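The form predicted on its own is given below as one chain in structure tokens.
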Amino acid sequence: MRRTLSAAAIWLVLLALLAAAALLSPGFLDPAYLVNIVRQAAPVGIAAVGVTLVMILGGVDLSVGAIISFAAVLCAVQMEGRVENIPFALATTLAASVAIGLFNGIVIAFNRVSPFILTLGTALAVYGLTQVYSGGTARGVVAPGFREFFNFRLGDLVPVLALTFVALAILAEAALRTTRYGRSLYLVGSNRAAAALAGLPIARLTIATYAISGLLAGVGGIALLARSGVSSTFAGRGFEFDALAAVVLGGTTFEGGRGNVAGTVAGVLVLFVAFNMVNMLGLDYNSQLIVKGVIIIAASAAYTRLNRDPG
């Protein structure tokens, strides 16, 4: 019973927030409005899926916000406003994002460096690279049809961007539940020494998982560009903390070996429902930060209490 409540805690928080939001504005529960929240959450949510995999392994990735910014700028510059450049721009952006993730994974796997420090350093370097590449200003022109495709609403309701987020989350959850890769992540995160004795390829798992995190952060950058239509050198700044908060709220622990993507999706939605609520209240930016922080603390405390061993 306790384990069931623990798994359901973040979903209960989400329902409570939706109920409170509905009291503020009955239109909040309109399906079109709710789907739009999922669309808003897509860049952070897609990156958070990758962070979830890394944290189940027992690591952390603070470079995803920087990769999102870099990917958005790189994709816009490579498009140059021309439709025929879209495939090359997307391929280049994803390849560069994977390369950053591979760098993180290789250094962590073979040098035993702290993932927190390494990925923080990577984030700073990538932000610097983005500034140098862009000249410190917004560059690049989004090609016609790019934004229209990702923001097209199937059935006049669900944007392709929202479906992309949901589809990637379902794919990652299925991989965790049904594949050898997923089972290996949990084993390594739970007991690295035992996993090594069992012959699991820990180095390869580490490299692959950080590469996937880089890839998904790159997809998040493309999603952000599709949502906003503008490439900003610091567009993803702070997204790493939003992603990390969502992952932890969803029940994935820093210790590794525990967590799931479904909980992360709920955590992302909690954050973005909260963001929309404070905007509805017309609070200034500093007040919004306070409210967001309180919601995160309260949700984390509720999860911890439900997860605590009896006695």
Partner chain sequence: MERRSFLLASAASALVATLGGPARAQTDRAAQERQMNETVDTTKFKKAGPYTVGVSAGYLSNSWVVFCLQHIKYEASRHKEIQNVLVTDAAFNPTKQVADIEDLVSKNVSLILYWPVDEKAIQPALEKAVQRGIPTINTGGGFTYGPGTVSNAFIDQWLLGEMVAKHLAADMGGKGKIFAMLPIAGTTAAVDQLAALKTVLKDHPQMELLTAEHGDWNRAKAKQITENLLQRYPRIDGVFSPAGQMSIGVAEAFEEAGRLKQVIMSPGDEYNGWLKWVQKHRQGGAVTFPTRAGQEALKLGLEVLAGKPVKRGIRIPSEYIAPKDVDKYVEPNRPDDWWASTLPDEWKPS
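Keep in mind that what you see is a predicted model, and the values were worked out from it rather than measured. Numbering follows the first chain given and starts at 1.
From this point on, the text means the form predicted in complex with its partner chain, which you will not see here.
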query	finding
Proximity to its partner chain in the predicted bound form, single hit among 78, 164, 206, 233 (heavy atom within 4.5 Å)	233
Triple contact flag 16, 212 and 260 to its partner chain in the predicted bound form, non-hydrogen atom at 4.5 angstroms	no
Residue 280 within 4.5 Å of its partner chain in the predicted bound form, heavy atoms	yes
Non-hydrogen atom contact residue 141 with its partner chain in the predicted bound form at 4.5 angstroms	yes
4.5 Å heavy atom contact, residue 289 and its partner chain in the predicted bound form	yes
Proximity of residue 92 to its partner chain in the predicted bound form, heavy atoms at 4.5 Å	no
Stretch from 214 to 222, 164 to 172, 130 to 138, 84 to 92 whose residues place a heavy atom within 4.5 Å of its partner chain in the predicted bound form	130 to 138
Residues of stretch 142 to 158 in contact with its partner chain in the predicted bound form (4.5 Å, non-hydrogen atom)	147, 151, 153
